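Here we start with a single chain on its own, the form predicted on its own, put down as structure tokens.
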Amino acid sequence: MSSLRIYGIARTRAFRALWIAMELGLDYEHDPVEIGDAGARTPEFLAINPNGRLPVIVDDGFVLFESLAITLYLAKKHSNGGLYPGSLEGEARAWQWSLWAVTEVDRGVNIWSLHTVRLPTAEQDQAKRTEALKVLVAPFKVLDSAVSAQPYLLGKDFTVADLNVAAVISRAVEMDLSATPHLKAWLERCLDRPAARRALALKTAADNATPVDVTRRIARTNRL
């Protein structure tokens, strides 16, 4: 039995934890816990993560929630100096881009995706979709500039910084990114990695199997 267990259906932010585990070649068990009362809100799950959110990992008894904390932890534990930058400055840049992704682009991409792809057409809100695209213009230009002269965020090598940002905006690959060609190329380069493709296959399968009422609940619960 693996010492690492990842909780959360791949459609959620658990995708990020699954990708890093695959990228690192880790042996792990995946428990595809769903959102809501029958999954992440059960007493058993709340005993692991009192926030009732996904994902969570248990690594040889160590419990950790928050998806990007999980990716940073696993990368540093298993690939310090490789996937996880070995210098203090590189480490700080990885934190910088990870926090940037959560604060600047995570919500906008989720709103766009829900109101363009995931909700039934009749329930999509064009105003929300338009506003999300407007909000993303400035940060997408920042990201486009960051990868305009180098293949990855920290230089020539793929790191956890790239994984975190690409995972957060993975659904943006379906957007029209012609205004930010460097971002588009970088995102496609990240998502074309073998580990990313395997994790995306799990995510797509989970998306396709998601009942409409669950998608509605996601939008309502997260005020999207």
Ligand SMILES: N[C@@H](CCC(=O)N[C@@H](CS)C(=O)NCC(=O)O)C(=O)O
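This structure is a prediction, so every number in the text was calculated from the model and none was measured. A residue's number is simply how far along the shown sequence it sits, counting from 1.
Unshown form predicted together with the named molecule; subsequent notes refer to it.
**Q** So in the model of the complex, does Ser67 come within 4.5 Å of the named molecule, heavy atom to heavy atom?
**A** Yes, Ser67 lies within 4.5 Å of the named molecule in the model of the complex.
**Q** Is it the case that Lys203, even though its partner is missing from this view, gets within 4.5 Å of the named molecule in the model of the complex, heavy atoms only?
**A** Outside the cut-off, so no.
**Q** Heavy atoms within 4.5 Å of the named molecule in the model of the complex: does Gly52 have any?
**A** Gly52 belongs to the contact set for the named molecule.
**Q** Check whether Arg41 has any heavy atom within 4.5 Å of a heavy atom of the named molecule in the model of the complex, and answer yes or no.
**A** Contact with the named molecule, yes.
**Q** Only one of Ala196, Ile35, Leu183, Ala172 comes within 4.5 Å of the named molecule in the model of the complex by heavy atoms, so just point that one out.
**A** In short, Ile35.
**Q** Name the stretch: of 158-166, 52-60, 186-194, 173-181, exactly one has residues whose heavy atoms fall within 4.5 Å of the named molecule in the model of the complex.
**A** Correct option: 52-60.
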